[in-house]
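Only one chain is given next, in structure tokens, and it is the form predicted on its own.
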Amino acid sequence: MEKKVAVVNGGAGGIGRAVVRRLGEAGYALFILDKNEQAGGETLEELRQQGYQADYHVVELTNAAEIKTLFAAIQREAGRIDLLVNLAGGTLHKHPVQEFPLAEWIEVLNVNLKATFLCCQAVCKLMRERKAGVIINTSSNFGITGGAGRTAYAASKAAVIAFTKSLALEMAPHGVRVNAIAPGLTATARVMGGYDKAEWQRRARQIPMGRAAHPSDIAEGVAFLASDDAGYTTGQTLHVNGGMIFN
């Protein structure tokens, strides 16, 4: 492909759709990975109607064999992978630590950390050989502050930051940049579904900028980190949270 190629996992989610639209605007050919087939199909149709070059694959992001096979297929088809955005993840389970089932704890770490590792591993050899590429991982404000009842999620998102720094050091000599983006409270359907209207408005007003993030706010952060404007930036975590936390 003559266009730069972006692989976005979780690209059919609330933030994911905004990200793939923004990357489409930036001229990328898009490969969307998401286990939600209905949302994936809808996102693909929307992108194609807007004239963007896109494809969609359903995949279990914690399955090493599936990831390896899929990324090899994308490489054969596209001939290149210029950008990897790891968006997939979530809190999934919230419990006091003494009541946290081990299986659920591991599930949260797998979705947020193992999947990120596997997708990064799948593109690193390709990017090293081309001596070019960008990787953007997703952390969270909870990776800095922690969160009662969110011990697994907070631990996984803190680990993403450390993983990103370490991978950035490995890849910098090969011309590959690795950064993380850390959204704060963001107005996606999934997040808003956990609040009634009054509670949501109260939470949003507590943010210094007076509102929750729009998914497009996160997408702009991703677009910046992917762009040549961030060409000397690696190993960093970009917090897009309206002033919820500073780091």
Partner chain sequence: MKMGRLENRVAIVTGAGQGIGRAIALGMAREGASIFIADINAANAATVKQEITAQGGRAGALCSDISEEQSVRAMVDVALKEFQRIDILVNNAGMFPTSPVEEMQEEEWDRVIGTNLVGTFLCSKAVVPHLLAQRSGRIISLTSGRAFQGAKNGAHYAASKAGIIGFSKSLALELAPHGITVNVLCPGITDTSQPRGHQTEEQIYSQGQRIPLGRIGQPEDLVGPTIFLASDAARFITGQTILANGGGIMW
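Owing to the predicted nature of the structure, the values given are computational and were not obtained by experimental measurement. Numbering follows the first chain given and starts at 1.
Another form exists, predicted together with its partner chain; not displayed. Remarks below refer to it.
Taken together, the three residues 49, 53 and 78 all stay farther than 4.5 Å from its partner chain in the predicted complex, as judged by their closest heavy atom. Across the options 27-35, 202-210, 40-48, 63-71, residues that bring heavy atoms within 4.5 Å of its partner chain in the predicted complex belong to 202-210.
Interface residue remark: residue 169 is counted as part of the site for its partner chain in the predicted complex, having a heavy atom within 4.5 Å. At a distance threshold of 4.5 angstroms between non-hydrogen atoms, residue 235 is in contact with its partner chain in the predicted complex. Using a 4.5 angstroms threshold between heavy atoms, residue 173 counts as touching its partner chain in the predicted complex. Its partner chain is not shown here, and in the predicted complex it never comes within 4.5 Å of any heavy atom of residue 5.
Comment: its partner chain is not present in this chain, but in the predicted complex one of 165, 93, 128, 114 has a heavy atom within 4.5 Å of it, namely 165. Taking its partner chain as positioned in the predicted complex, the residues of 220-247 that bring a heavy atom within 4.5 Å of it are, in sequence order, 220, 221, 224, 229, 231, 232, 233, 234, 235, 236, 237, 238, 239, 240, 241, 242, 243, 245, 246, 247.
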